[in-house]
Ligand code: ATP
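Before any questions on how it binds or moves, here is one chain, the form predicted alone, in structure tokens.
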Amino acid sequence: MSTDQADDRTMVGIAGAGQLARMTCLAAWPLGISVAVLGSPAEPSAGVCHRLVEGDWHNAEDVAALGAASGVVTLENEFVDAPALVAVEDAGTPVRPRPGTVGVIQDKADQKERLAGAGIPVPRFAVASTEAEVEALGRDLGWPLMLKARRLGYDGRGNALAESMADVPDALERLDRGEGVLVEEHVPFSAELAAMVARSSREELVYPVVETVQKDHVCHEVTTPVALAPGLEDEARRIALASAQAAESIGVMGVEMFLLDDRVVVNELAPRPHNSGHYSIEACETSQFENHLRGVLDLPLGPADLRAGGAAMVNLLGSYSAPSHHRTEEAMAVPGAHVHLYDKAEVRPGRKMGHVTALGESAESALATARRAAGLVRL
């Protein structure tokens, strides 16, 4: 970790110290932007930040300490307690995105209410607390139903697919944390899409629409451009931008969407850099991480155009539990492949340990290169 003691007023503080904070720090160095992260010395970004504020983003006092060490505070996840962020702003340090935005997004029911109220297409939904209420929704929305915890769900955790009432009691017991659960109609999507939106107080732009492929509820592959029917890509970009506007996001926001036969609906929002945008490090004129910094500092946004005909990313996921050792020589020898490792000390099944990106003449050729290199990484 650098001992550089940059002026606190120019320091961007990140509540979290994982791989998203790490890649944001790496984007900050060429711009002369200083970054402080809140976490432990063992976390991925501790070795590349300007300043480590030791602590835990779950702890309001530690979040306050990050605010005191920073000129502006941002996030690497949407689970930081919104009242703790309000306290940071009350103490004089701006938070971007605003605590109100974070508060709405971290409650999935409130998030859906905000989107629906803005006229953005989402699956039909309601909040339920009892088996009788879910049964009534099953009659109204049809089975199966998707039940979601209102808070702290990610990568498929906190979700349950209820094929019938037989699945409901266990789902309610597991997901209801005292405020009911979000119940959504199950949409028969043909693909999962996503787009990053970058916003400052003065301008906004939308990154290319990507297709994401999930493996055990974790993002596995991302490709762009996506073969969509005429007009659907423009519609997906319009919906992504409208979603970010409705949430009043600042910095970058990930908008996850479902592609139905002839329309797009929004699944969820993430008010920070997102796994589906990692491809942008090599593939776009300005990465999602750089534009997140530009947005939260109210600097001019950089263009997000693709640098090649196609781009792809393949996540490197753990398959067993062990101390982390890696070999990348063979993967690095694959022409056009770019290996990114997150410097995590331990491998665990399904844990994101890194990713590989590639460019190509098409999404398909880029994906073939990324897959080839990813298959050669030894974790």
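Throughout, we count residues from 1 along the sequence that is shown. It should be emphasised that the depicted structure is a prediction, and the values quoted were computed from it without experimental measurement.
Another form, the form predicted together with adenosine-5'-triphosphate (ATP), is not on view; read the next lines as being about it.
Trainee: Even though the partner isn't displayed, in the predicted complex is residue 217 close enough to adenosine-5'-triphosphate (ATP), meaning a heavy atom within 4.5 Å?
Mentor: Contact check for residue 217: yes, within 4.5 Å of adenosine-5'-triphosphate (ATP) in the predicted complex.
Trainee: State yes or no: in the predicted complex, is some non-hydrogen atom of residue 108 no more than 4.5 angstroms from a non-hydrogen atom of adenosine-5'-triphosphate (ATP)?
Mentor: Residue-level check for residue 108: yes, a contact with adenosine-5'-triphosphate (ATP).
Trainee: Does adenosine-5'-triphosphate (ATP) get within 4.5 angstroms of any non-hydrogen atom of residue 118 in the predicted complex?
Mentor: Heavy-atom contact with adenosine-5'-triphosphate (ATP) at 4.5 Å: absent for residue 118.
Trainee: Within a 4.5 Å heavy atom cut-off, is residue 148 in contact with adenosine-5'-triphosphate (ATP) in the predicted complex?
Mentor: Flag for residue 148 set to yes.
Trainee: Can you pick out, from 233, 256, 282, 133, the residue that has a heavy atom within 4.5 Å of adenosine-5'-triphosphate (ATP) in the predicted complex?
Mentor: Checked against the cut-off, the match is 256.
Trainee: Would you kindly say which of 81, 167, 184, 221 lies with a heavy atom within 4.5 Å of adenosine-5'-triphosphate (ATP) in the predicted complex?
Mentor: Looking at 81, 167, 184, 221 one by one, just 184 meets the 4.5 Å heavy-atom criterion.
Trainee: I need the one stretch from 224-232, 85-93, 303-311, 262-270 whose residues put non-hydrogen atoms within 4.5 angstroms of adenosine-5'-triphosphate (ATP) in the predicted complex.
Mentor: Flagged stretch: 262-270.
Trainee: May I ask whether 159, 189 and 192 all come within 4.5 angstroms of adenosine-5'-triphosphate (ATP) in the predicted complex, judged by heavy atoms?
Mentor: Yes.
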